[in-house]
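Consider the single chain below, provided in structure tokens and representing the form predicted on its own.
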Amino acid sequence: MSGEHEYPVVAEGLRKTFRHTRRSGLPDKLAVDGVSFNVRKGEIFGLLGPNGAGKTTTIKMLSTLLIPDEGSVRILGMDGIKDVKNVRQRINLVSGGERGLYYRLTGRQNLRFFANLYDIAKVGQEALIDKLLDIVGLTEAADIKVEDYSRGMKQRMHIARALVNDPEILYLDEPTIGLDPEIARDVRSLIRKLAGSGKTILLTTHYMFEAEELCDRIMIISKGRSVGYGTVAELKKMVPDTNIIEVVTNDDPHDTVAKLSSEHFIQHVNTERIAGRHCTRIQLKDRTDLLSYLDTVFSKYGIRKIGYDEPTLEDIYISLVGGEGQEDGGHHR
């Protein structure tokens, strides 16, 4: 198998700095600092990291929208920096948010516009548009103006627009951000369907559960650098000393959790309400045996379950990025 087909995306030593004018008084921002990875044909590859970590900048360099200061990009065997025209014919990009569609046009008219932009033959355009509307579940809304679409419908229309040129590689930058859980679930189902049809997908997301559900391999970026790279199982091996204790209680242990978060032996602690119970996950900095201590501390809240647990992708993420961007930990389940 040739390298082109096995690894449609190859990034080597990507580096990008955004420079400010002297008059602005702002320091230059090193957004991506020597990032290297490859993406296999037909896989969903995840880029994870806090806000400002360099995910979107990396996606823009891979999709010809930004030129790296250093490093190389190969897309389907082509030079992603020099051979921009040919690369763009075979890739497409979907960004989270609502920009990029013509709101006063219907869904069908939007797709017709983009089909003309890509020089799709007129003779096959309507059949293609019908097919794309069906793929994203918008057939019944085809002749409604996009300004009247819900946010989830707009996001599905973004994906339909990105499929007009039948791209071999699809970049999805935060495709479910801001969507209601049910709509986000539909978008994830569509992403799986696209990967199953042979598309190579590079996905950025803040949601750890989404990455764990969708991605074959993952790279975690922190402050412009790769801090973890591989399958979820391989990433777990990078933090073998992670110690996770899960406590399920009847009552909300908010006060105790707040106190624990400042303890020197705690890496991270988080509580969620799930199915009427309060589930607290405590990540220790080392393997100190604190089970009996925590059993005593949480006893007043009515313990349903307490014990050690396998680390999730979210636990791994927190270990690898440290204190940076812990608000992005993907608590939306």
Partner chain sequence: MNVKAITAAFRQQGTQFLADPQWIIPSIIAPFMFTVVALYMYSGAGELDSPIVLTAVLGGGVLGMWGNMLFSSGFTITYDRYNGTMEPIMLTPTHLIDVIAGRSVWNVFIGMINAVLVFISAQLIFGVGVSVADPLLFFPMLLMTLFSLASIGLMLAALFVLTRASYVITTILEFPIYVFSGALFPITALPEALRPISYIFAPTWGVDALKTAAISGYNTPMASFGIWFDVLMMFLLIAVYIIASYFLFMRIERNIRESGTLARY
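Numbering follows the first chain given and starts at 1. Computed from a predicted structure; not experimentally measured.
What comes next is about the form predicted together with the partner chain, which is not displayed.
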- prompt: Is R156 one of the residues lying within 4.5 Å of the partner chain in the predicted bound form, judged by heavy atom distances?
  reply: no
message: Just checking whether L66 would be counted as a contact of the partner chain in the predicted bound form - the rule being heavy atoms within 4.5 angstroms.
response: yes
- prompt: With the cut-off set at 4.5 Å between non-hydrogen atoms, does I177 touch the partner chain in the predicted bound form?
  reply: no
- request: Please check if S261 has a heavy atom lying within 4.5 Å of any heavy atom of the partner chain in the predicted bound form.
  value: no
- line: In contact with the partner chain in the predicted bound form (heavy atoms, 4.5 Å), from 244-252, 185-193, 198-206, 121-129, is stretch 121-129
message: So the partner chain isn't shown here. In the predicted bound form, which residue out of L101, M78, A142, I169 has a non-hydrogen atom within 4.5 Å of it?
response: L101
query: Quick one: of R74, K236, R88, R217, which gets a non-hydrogen atom within 4.5 angstroms of the partner chain in the predicted bound form?
result: R88
